[in-house]
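Okay, so here's just one chain, in structure tokens, the form predicted on its own.
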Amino acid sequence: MPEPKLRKLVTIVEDVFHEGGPVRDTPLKRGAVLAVIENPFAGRYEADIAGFMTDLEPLGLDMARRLIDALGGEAGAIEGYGKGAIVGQGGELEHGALWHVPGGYAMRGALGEAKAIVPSTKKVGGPGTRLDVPVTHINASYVRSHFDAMEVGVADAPRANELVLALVMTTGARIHARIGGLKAEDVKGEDGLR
């Protein structure tokens, strides 16, 4: 399969101090790194595309490390994650699904002992398309306080023959989380759920 052809990387970091409630001294950090790459399958149907996942693995690892660095450089500070892809209009939704394995395993590997499946989303769209990337706790998908999302996008991407690949991480729960359920400090981390 072809090596990914990278056009640009975009890194976004938000420092969230409040959402209308009490102001926190230490903000929640929510960040994303997006890669705009050429879609090698744009404009045609290709039956065998799975091999491109392996080609995306080094990019996924680089993106995960960049994102950890952007959020302060401490993998242990990351509590939430998610991934997503925007497929340019010359591609098909399945091309975005190629990001599931290289994006998810890259974050889990870079974070060490992350147990939970990495939530994901994908869509087809043109330049400027926005994507709400879902976020859950890295070790237990049932931690309600970490159910979140980050809207991402790139003004000039994806072009028809491109993919925008996204990784998202957070340093904690929603800033004013208070709806109960399993608490992060009570996670057993055995099955990725609880």
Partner chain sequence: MKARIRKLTVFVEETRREMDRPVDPPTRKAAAVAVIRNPFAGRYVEDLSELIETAAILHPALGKPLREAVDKGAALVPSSKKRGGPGQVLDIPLGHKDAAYVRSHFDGMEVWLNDSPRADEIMVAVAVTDSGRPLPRIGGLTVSEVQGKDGLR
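Numbering follows the first chain given and starts at 1. Just so you know, these numbers come straight off a predicted model, no measurement behind them.
Although not depicted, the form predicted in complex with the partner chain is the subject of the following passage.
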- prompt: What stretch, of 133-141, 146-154, 165-173, 45-53, brings heavy atoms to within 4.5 Å of the partner chain in the predicted complex?
  reply: 146-154
field: Partner proximity in the predicted complex: residue 57 to the partner chain, non-hydrogen atom cutoff 4.5 Å
entry: no
query: Quick one: does residue 12 come within 4.5 Å of the partner chain in the predicted complex, counting heavy atoms only?
result: yes
- prompt: So in the predicted complex, does residue 179 come within 4.5 Å of the partner chain, heavy atom to heavy atom?
  reply: no
message: Is residue 69 part of the interface with the partner chain in the predicted complex - any heavy atom within 4.5 Å?
response: no
statement: Taking the partner chain in the predicted complex and a 4.5 Å non-hydrogen atom cutoff, the residues of 18-32 making contact are 18, 19, 21, 23, 30
